[in-house]
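A single chain comes next, written as structure tokens; it is the form predicted on its own.
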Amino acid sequence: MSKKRILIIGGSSKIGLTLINIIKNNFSSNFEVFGTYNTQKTPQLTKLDITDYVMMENTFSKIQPHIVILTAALIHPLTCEENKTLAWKTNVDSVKKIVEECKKINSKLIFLSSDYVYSGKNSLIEETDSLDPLNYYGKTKLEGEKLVSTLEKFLIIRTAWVNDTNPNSKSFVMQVINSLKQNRIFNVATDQFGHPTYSVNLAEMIIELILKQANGIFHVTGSTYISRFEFAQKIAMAFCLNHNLIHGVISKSNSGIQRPLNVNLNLNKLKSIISVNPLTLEEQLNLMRIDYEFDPILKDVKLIPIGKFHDERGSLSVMVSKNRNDAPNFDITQEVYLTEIPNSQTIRASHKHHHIDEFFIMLDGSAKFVLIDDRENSSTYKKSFTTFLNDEFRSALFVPSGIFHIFKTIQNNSKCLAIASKAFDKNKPDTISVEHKFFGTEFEN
């Protein structure tokens, strides 16, 4: 049987690129995939401005796609509000032209819509509920849906809060990470509730809907329903950043436009069709942590995400192993010890070692760690690094010898596991202590 040709318009977007990669790597026997870009030049993708109808006609004529996935759009709500002409041209007029081209060759169109087509309510929202967008972006998406639904074969994907950890991404996850890494306060709405969605999980669910030949309108998001504020705090914890820099505000003080506040999408229709599970927020963040390149600034210092393997009995985490890159290395371990700390704001360590390398993992609670490089031959000599470890999203902090380190507990009843490369010798203690204030005024007694 010949392969079906899939055209992804907007192939350079976070969801577009993810779809292309998954199809090429896992479904190459089913589909031949083509992608387009507009402003973000991307290798192996074809240039296409969706507002240029001649380019559009030429692209369809050349590829003759069986399936079209439209991910290209003007998605920033404030930009749509400020430039309504551009928003309508991009999100409505272009969709109308794509629908016309699909009708010519009987292509199926998969259209990425948004939870912004709803005004929100304090109960579960069904695909059949009334649509009442509160801002211009939502209105353009609703008009796009109306055009797409005139086709015989179509999928309308209403998704929400799509994230990835691409360094160049403008996703909410990367906005939070980049702000907190620069020690900047991040203001986020406490009254907006919705479904965070991981781009990879979204792509997998869309592909299965295609394979199942599903038709119509589907809610396709992650399974967790949470506030923006709580979501931002979870991001900070997952990426070992300071969650105290997350400041809650009400929506009107943080935005120039009206947004739906409570959009709790019912996913039962989706779940009845596909076997791919909509991921929980914890599952999403753990997968993103694996893909993310942690940069602790100091030479040789490492942050290693410790994964959790779940089943109906609970979870399992690998704390030390041999020949793995997702856990401290057994080959350099001579001693493991546990520090149990009953009170918050308790300070431990405040020293360096000449020969001992260590990993630190919070088993319970959380702590702030500060490191100062005291290795004269190091490229980061005298530089400092601050990170935050917790038990909800565990990471192993690797501190090589020659680096002063201190930590202060944030929660009561914290437990810190230390894995050392050499066993402690009370006759030859390999420890050089300094006063707490060496690490800054917050550690002064």
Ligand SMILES: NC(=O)c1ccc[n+]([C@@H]2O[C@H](COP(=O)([O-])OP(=O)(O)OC[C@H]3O[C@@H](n4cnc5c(N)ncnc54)[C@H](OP(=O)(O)O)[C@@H]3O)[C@@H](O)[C@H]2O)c1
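It should be emphasised that the depicted structure is a prediction, and the values quoted were computed from it without experimental measurement. Residue indices: 1-based, along the sequence shown.
If you look for the form predicted in complex with this ligand, you will not find it shown, but the lines that follow are about it.
Enquirer: Do all of S13, L48 and W161 end up near this ligand in the predicted complex, with near meaning a heavy atom within 4.5 Å?
Expert: Yes: S13, L48 and W161 each sit within 4.5 Å of this ligand in the predicted complex.
Enquirer: Going by heavy atoms within 4.5 Å, which of 234-242, 342-350, 72-80, 274-282 lines up against this ligand in the predicted complex?
Expert: Selected range: 72-80.
Enquirer: Identify, from the list S113, N201, Q192, S107, the residue with a heavy atom within 4.5 Å of this ligand in the predicted complex.
Expert: After the contact test, the surviving option is S113.
Enquirer: Here the chain is shown alone; which of Y137, F218, F369, F360 has a heavy atom within 4.5 Å of this ligand in the predicted complex?
Expert: Looking at the other structure, the residue within range turns out to be Y137.
Enquirer: Given that the partner is absent here, does T165 sit within 4.5 Å of this ligand in the predicted complex, heavy atoms only?
Expert: Taking the distances in the predicted complex, the answer for T165 is no, it never comes within 4.5 Å of this ligand.
Enquirer: Would N377 show up as a contact with this ligand in the predicted complex if we use heavy atoms at 4.5 Å?
Expert: The answer is no: N377 has no heavy atom within 4.5 Å of this ligand.
Enquirer: Considering non-hydrogen atoms and a 4.5 Å limit, does this ligand approach Q40 in the predicted complex?
Expert: Yes, Q40 lies within 4.5 Å of this ligand in the predicted complex.
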